[in-house]
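Just one chain follows, in the form predicted alone, and it is written as structure tokens.
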């Protein structure tokens, strides 16, 4: 007689397409003494605890309905107005009809998948691509057209033609840390306008410029002078500006796209946390996020420099990399093609450190020659020791592969 469990329906097929690498590095935090350089984590010391505590109390005491009741699906009107004003620019006229408040930036990605993707739909994706985006769209089982924006022969219109949308992280891309130049941004916007393709501008790191002034957003470049109705779908988040635990993000897009996303969000979580939205509104309005940014930039700039110095000392003969101008990551490619960085992940864990292998950022899973290293979470002395351990693990992997 069949057991009860054997008669249960099978799980969805897309679950078989996932990898175990993500689970490995997310659970690595439980290993005593581990130096975790894998995740894209902000340092908790940057959080203004007292100020956030005061804002939380103020939200509940002064705005109990906003904070504690169900919020409108679109988000609190006052917060939508503030986001619209904050991102408006000469020629770019935004209103609340252009704004949806989401439960973190990740929900924006998930909702876009729900409204634009059918099984097998084609996505043009900046490659290597953000793991969270690949995971968000995995249940739709799309196919991908890689966009290597730094390739000499990259042709934006050809890349976007026939796709449901194009996905980019132009400011210090996750995972590569690459800053997309202004000319390339202009070319992508022009291609989106010419082909009628939606162009996603995912921008969690847009405030983290360490060495130069911020470049123009593609959202701004797509403006035509009137009420915004362009092809760029802009995703923002509070996670890197204040703290990730609030789970507040936003989508800025043409009204028709916002309306479609609202329908998808209705069947997802009904509304983003009211207290989180109220705190976000007051944090922006009071200038709190602007006041803490200089300290964040100084802290992370010093850590980036410490990481790259340690890499020059311990990894120069093993990897090639570029020092990023901002963001949270360094992308390093093994000089020896025999190095499998999936294997390196496990060797690194055995040596007390953790990095993210390149395979999880490749829709095909075939790139196993690079690693992503985070520099924002650990102090300089830990970064230096983590890189020393990584060098030991790398040499062991190469010896085993020889």
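Computed from a predicted structure; not experimentally measured. Residue numbers count along the first chain shown, from 1.
Another form exists, predicted together with a further copy of the same chain; not displayed. Remarks below refer to it.
Novice: Taking 4.5 angstroms as the heavy atom distance cut-off, pick the stretch from 211 to 219, 296 to 304, 157 to 165, 82 to 90 that is near a further copy of the same chain in the predicted bound form.
Specialist: Among the listed stretches, the partner-contacting one is 157 to 165.
Novice: Out of 331, 319, 130, 284, which one falls within 4.5 Å of a further copy of the same chain in the predicted bound form, going by heavy atoms?
Specialist: Looking at the other structure, the residue within range turns out to be 130.
Novice: Name the residue from 279, 169, 99, 235 that puts a heavy atom within 4.5 Å of a further copy of the same chain in the predicted bound form.
Specialist: Looking at the other structure, the residue within range turns out to be 279.
Novice: Are 10, 197 and 239 jointly within 4.5 Å of a further copy of the same chain in the predicted bound form, each by at least one heavy atom?
Specialist: All of them do, each having a heavy atom within 4.5 Å of the partner.
Novice: Given that the partner is absent here, does residue 267 sit within 4.5 Å of a further copy of the same chain in the predicted bound form, heavy atoms only?
Specialist: Contact check for residue 267: yes, within 4.5 Å of a further copy of the same chain in the predicted bound form.
Novice: Even though the partner isn't displayed, in the predicted bound form is residue 247 close enough to a further copy of the same chain, meaning a heavy atom within 4.5 Å?
Specialist: Yes.
Novice: Taking a further copy of the same chain as it sits in the predicted bound form, is residue 53 in contact with it (heavy atom to heavy atom, 4.5 Å or less)?
Specialist: Residue 53: contacts a further copy of the same chain in the predicted bound form.
Novice: Consider residue 365 of the chain shown here, and say whether it contacts a further copy of the same chain in the predicted bound form, taking contact as heavy atoms within 4.5 Å.
Specialist: Judged by the heavy-atom cut-off of 4.5 Å, residue 365 is well away from a further copy of the same chain in the predicted bound form.
Novice: Even though the chain is shown alone, can you say which residues of 104 to 120 have a heavy atom within 4.5 Å of a further copy of the same chain in the predicted bound form?
Specialist: 106, 107, 110, 114, 115, 116, 117, 118 sit within 4.5 Å of the partner.
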